[in-house]
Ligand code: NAD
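One chain is shown next in structure tokens, namely the form predicted alone.
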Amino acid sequence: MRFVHETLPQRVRLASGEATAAVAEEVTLLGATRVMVIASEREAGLAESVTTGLPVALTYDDVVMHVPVEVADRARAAADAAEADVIVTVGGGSTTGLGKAVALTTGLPIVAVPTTYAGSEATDVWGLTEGAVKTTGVDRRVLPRAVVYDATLMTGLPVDLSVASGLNALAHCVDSLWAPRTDPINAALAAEGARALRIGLPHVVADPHSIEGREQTIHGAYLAAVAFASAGSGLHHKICHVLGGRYDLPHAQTHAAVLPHVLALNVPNAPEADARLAAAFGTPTALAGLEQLRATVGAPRALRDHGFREDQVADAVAAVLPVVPPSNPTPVTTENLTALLRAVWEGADPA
């Protein structure tokens, strides 16, 4: 074995029912006295509860999917005007992403309180959208100093969004097995993350208020994100970043719909990844396991249901081809990428 693996420095707490106390302790450990709380209007009540007793200098709710540059600029100006010395994000990937955009230029530390399974809280990856182009980068300043997971905060997440978000997390596992910096450590994390998500998501669907199901899914999503942060962005994420930024498609649903098609494309030339995922799913093949899980939880299938048009396929192919990672197991061509995106648009059987 020859590899270099880097583990990101971060405190992580899973404390179901204890988010308020846990966040207060993390803010105190940072020595912060002027808190900028970032949460969407939908999460306002939850954010107020979680940050009770904190020295809040500003509550900011201008959260937009894919973090447009102008939204980030407004948030940075607001943080500066409030003289904030820490950011507390309460919400999903868009909320965490906005916190990261502020931290990128201000250096402010982040305490992240996720309410979905997006996984952004465990990575040092940032993303900004300008016009129709989504740009991502890696910077240690955007890695949250601490993450507080509380399963009780996720019991209100609707089942359909829970499923899409959980499959987004699963995509981190899958992509980590053939991304540019794949190594045995992040492959092991990805496999365990996939196993936990396979167990947790059906529990969430069967009983959305099940703490056990939510905690299993959190566990899997965190491991998935850690694996992804180490391995880097593979073909799946390159496709989804283009689709999300270029056509303003919903993040989690896009990942959920694209995932089985990328898996079907790559596993014929990635037998080790296929075996790892199959073992995690408890099925003969990875694709059989993923399709079984997707059927059980009622996964999103057709991107035409979420705003992607058939006449955009060729444009998307042209945008994705230049960013395909050289490490992808199956050579990507105009022909097979067109077939893949047309199948994603239609919701066709990935096999």
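Since the structure is predicted, the reported quantities are computational estimates derived from the model, not experimental observations. Start at 1 with the first residue shown and count on from there.
Here the subject shifts to the form predicted in complex with ligand NAD, a form of this protein not shown in this document.
Residue contact with ligand NAD in the predicted complex: residue 184 places no heavy atom within 4.5 Å of it. Within 4.5 Å of any heavy atom of ligand NAD in the predicted complex lies no heavy atom of residue 278. Shown alone here, residue 217 lies farther than 4.5 Å from ligand NAD in the predicted complex, counting heavy atoms only. When ligand NAD is considered in the predicted complex, residue 100 lines it closely, a heavy atom lying within 4.5 Å. Heavy atoms within 4.5 Å of ligand NAD in the predicted complex belong, among the stretches 205-213, 78-86, 158-166, 174-182, to residues of 158-166. The partner is absent here; in the predicted complex, the one residue of 30, 302, 58, 46 having a heavy atom within 4.5 Å of ligand NAD is 46. Contact annotation: of the candidates 195, 261, 134, 238, the single residue with a non-hydrogen atom within 4.5 angstroms of ligand NAD in the predicted complex is 134.
Of the residues in 57-82, those that come within 4.5 Å of ligand NAD in the predicted complex through at least one heavy atom are, in sequence order, 65, 66.
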